[in-house]
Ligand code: AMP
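Shown next as structure tokens: one chain only, the form predicted alone.
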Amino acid sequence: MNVLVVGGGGREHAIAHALSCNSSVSLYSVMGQRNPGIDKLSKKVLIRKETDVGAVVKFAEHEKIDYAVIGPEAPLEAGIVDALLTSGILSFGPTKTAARLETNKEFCRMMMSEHEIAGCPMYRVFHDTKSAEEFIKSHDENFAIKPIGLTGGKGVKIMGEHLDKKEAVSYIGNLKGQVVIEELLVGEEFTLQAFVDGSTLIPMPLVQDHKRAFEGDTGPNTGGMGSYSMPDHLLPFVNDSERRTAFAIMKDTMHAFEEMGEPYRGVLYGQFMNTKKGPMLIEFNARFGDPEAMNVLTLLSSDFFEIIEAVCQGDLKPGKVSFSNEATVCKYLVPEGYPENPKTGDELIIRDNEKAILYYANIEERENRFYTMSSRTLAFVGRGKTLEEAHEVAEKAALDVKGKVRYRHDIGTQCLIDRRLKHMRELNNV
């Protein structure tokens, strides 16, 4: 089978790696810039913007692609799945209409309200600057301010954390008032991803991502500095009942699309806040998370290609999906100065590591030598019977990289988890 992977980041390297475990799969790829990891796994590569839908479809037709797997959100918004399906190419990812669950925050909240889906915070949608600014000025509490459209995972600003009231008003002005303003959820975040074939939803292990750039969850937000998962597929501050609550929200969302006559297929990603009232939805994504894909795909013990086939054909069965009962820790290495002023062009020496799995992201390879670029560079995933073992593997691999890069040492440590647990106990008055 000829399978096309669209996208060139660490998430897509993990997707390509998982697909390559099936010897009957011939991999092809389209990416905006060459990812050396994906390149080595691919039979043929097209270097082109993933949102150039016409070029991607033409390439897929020429190479007789059977299935396409869409990694990033931007090509989903551009309608790449619709165009591929029109050409008879089955695609692992939602249509443009269904992808609005991520690409349009107004659509997401309105759909949850109309279908009475639980976990939706109080919100207001604005389309003009004056009304949004007046709303902020007339309230004393803090809010989450979200651009309606895509911002690469970095557009959400929290009042009292990222912005004061004056800065919030200015930020709304920069967005020309196209915002969703929501109640500020307090708790601990977690990610639940699921495979969806339009009518069946199968969950993956819970993962916690770390958006803040520096140790101790400080500094500006990033695309994600790393993540971890536990051997029981829960998290220390999320019990099974809370996981089931989050999963029910996702199932209800899938059924809402069925009712709308627009079946959702691919990966449904739920970003939740575990609050005093239980799990509340921060946002949905219409694809794998980055880095969370690296955790779950590293643990996947069933055939990823067979899952993709089943999803695309609307024939997903629980028996097709299984994960190892191990912990994972993912650590992203980023260039010095990231995210605000990343230094590019610095050479890296990456040593072989037999235990950790290496996923390349935003990195340049020239004559077998590697150089930093402007975004997250590469990631190591460690796995083990315990979180401590997984952390040790990832930490050792990251420490062995020589060059002007940095990473968060604290991701996957008991110290950070203890702080999360303490926070939840305080919220629940325990």
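Don't overthink the numbering: it's just position in the shown sequence, from 1. Every value quoted in this text rests on a predicted model; they were computed, and no experiment measured them.
One more form of this protein should be noted, the form predicted in complex with the named molecule, which is absent from this view; the next part is about it.
Interface membership of K211, defined by any non-hydrogen atom within 4.5 Å of the named molecule in the model of the complex, is confirmed. Among heavy atoms of E183, some come within 4.5 Å of the named molecule in the model of the complex. With a 4.5 Å cutoff on heavy atoms, K146 counts as touching the named molecule in the model of the complex.
Put simply, I307 is far from the named molecule in the model of the complex: not one heavy atom of it is within 4.5 Å. From the list 343-351, 175-183, 309-317, 258-266, the contact stretch for the named molecule in the model of the complex under a 4.5 Å heavy atom rule is 175-183. Taking L85, A118, M111, M273 one by one, only a single residue has any non-hydrogen atom within 4.5 Å of the named molecule in the model of the complex, and it is M273.
Between the named molecule and the residues V196, V321, I282, L297, the one pair within 4.5 Å by heavy atoms in the model of the complex involves I282.
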